[in-house]
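Okay, so here's just one chain, in structure tokens, the form predicted alone.
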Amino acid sequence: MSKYSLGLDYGSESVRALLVDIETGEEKGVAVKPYPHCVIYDKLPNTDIELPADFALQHAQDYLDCGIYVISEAIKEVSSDDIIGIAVDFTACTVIPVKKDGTPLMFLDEFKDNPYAWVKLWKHHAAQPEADKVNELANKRDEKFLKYYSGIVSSEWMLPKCWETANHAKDVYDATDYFLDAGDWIVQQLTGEFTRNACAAGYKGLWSEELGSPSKDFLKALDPKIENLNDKLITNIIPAGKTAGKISAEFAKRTGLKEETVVSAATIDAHSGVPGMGVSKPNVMSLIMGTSTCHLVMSDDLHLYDGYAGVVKDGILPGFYGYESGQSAVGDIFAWFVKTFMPDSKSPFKEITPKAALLPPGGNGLVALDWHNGNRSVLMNADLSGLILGLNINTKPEEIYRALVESTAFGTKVIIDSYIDNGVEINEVVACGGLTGEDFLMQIYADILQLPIKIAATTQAVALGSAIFAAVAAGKDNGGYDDIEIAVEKMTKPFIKTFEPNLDNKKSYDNLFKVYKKTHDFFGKENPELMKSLKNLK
């Protein structure tokens, strides 16, 4: 009798469930459900309450309702007795303030109209002032934790977001019993147990096995209001692939899952994609490409330098130091372009891509900066914004579009170069995500990186990674695996395609990259206040 594990993958706009045969890797059931409220930027739903600049909120009920729906759909062809485990991955750092029973504050009448009580999505960047002050004080005090994050804390992370709430809505902060990573909230809803996943705690929560969390003394020096913030964070920290609890009777009834089914500790969505692509060894750059791109690489050694977003021991897979970098907008940039400049097109990408593909590399006379949602790596500055140089009255839409695609590839090249320059060897590149189906885009990436890019066999690598963690959490005694390398080998398939770099394009892209890098450094390192001043004018 076949045994299955279930991966529950929460993205920025939807949730998907993937049911996998743990022996063959066959994808037995899959379901996807978009969030009804999607991402909330302008006003709280059903109110006239306008949100401040750089807010990006979501509705916690969407996570629950859509999660229940996709689980029920994905498992309907098999017996729940044959499902041995479930695991959750989630965009991070997505923060939910909750009460001791797990109820989100936004569900309470007294806080439902307060935006600070709502879910702050990972790309909520309104905590940049708090992040700036964290960085200033931590550098001044030479805090050891800062070295694990290249010396820069992002506005996307837990501490700045919690402090932002304390600064602007102290009643919400005081009423919050726990600030949870959204993945941990889903696990709590599944099991009734509070855990904190080591992946999000490490990469987004400033926690490490070696140092613990930032000290109470440091928090008090930041602001006495958050002196006891650590009391509002779960201390039961568990890595993915370890048991966080078991499906509760209530949740079993709502989904069709069997009560007592093992639930793995959560993990970050992108990090889950590494095993889901079939990667279980070091020195491979994994690209998880969607609305944003996450760059992940494992190494046997610890290298502390400026340029990555975080390094965590066992943060991706056990036995390695896991390094993370990222671009805050990639697919988002392309979506912005077609929505803004091609609103009447029924198939905008099918229309614009062939035209852009006919253009020679660098032949459009344009260079763009891929900072439409700030820069995560290597500059870690949410105040930076997008830019296009070289426009003239003859510039065509396809030239702009190609420049935007090239800019995102150049952003990845900056990240990869920073690793190599600092001793983290990268031998190959693998990729997964919705963007990898675009041959035009992936060939540009291969040409600019001058590295082959292997494409994962599954379109659901992130959800598959969670299913792998679920099989490991269940363990061999329950029909799963005790060794994650064996689980990866059994549950993934060979890469389906490799994009080889075109050497004829190397010279053109090398020359264009020089312009990109000078522009990158001028606006990102030497004069970052220019873009910030434009933001302030708004």
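Sequential numbering from 1, following the sequence displayed. Small disclaimer: the values here were computed from a predicted structure and weren't measured.
Keep in mind that the form predicted in complex with a further copy of the same chain is missing from the display, and what follows is about it.
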Heavy atom within 4.5 Å of a further copy of the same chain in the model of the complex - residue from 211, 391, 221, 420: 391
With the partner left out of view, is residue 371 within 4.5 angstroms of a further copy of the same chain in the model of the complex by any non-hydrogen atom? yes
Does at least one non-hydrogen atom of residue 488 fall within 4.5 angstroms of a further copy of the same chain in the model of the complex? no
Consider residue 24 of the chain shown here, and say whether it contacts a further copy of the same chain in the model of the complex, taking contact as heavy atoms within 4.5 Å. no
Heavy atom of residue 281 within 4.5 Å of a further copy of the same chain in the model of the complex: no
Heavy atom contact within 4.5 Å of a further copy of the same chain in the model of the complex, the stretch among 428-436, 257-265, 381-389, 302-310: 381-389
Residue by residue through 325-351, tell me which have a non-hydrogen atom within 4.5 angstroms of a further copy of the same chain in the model of the complex. 329, 332, 333, 336, 339, 340, 341, 344
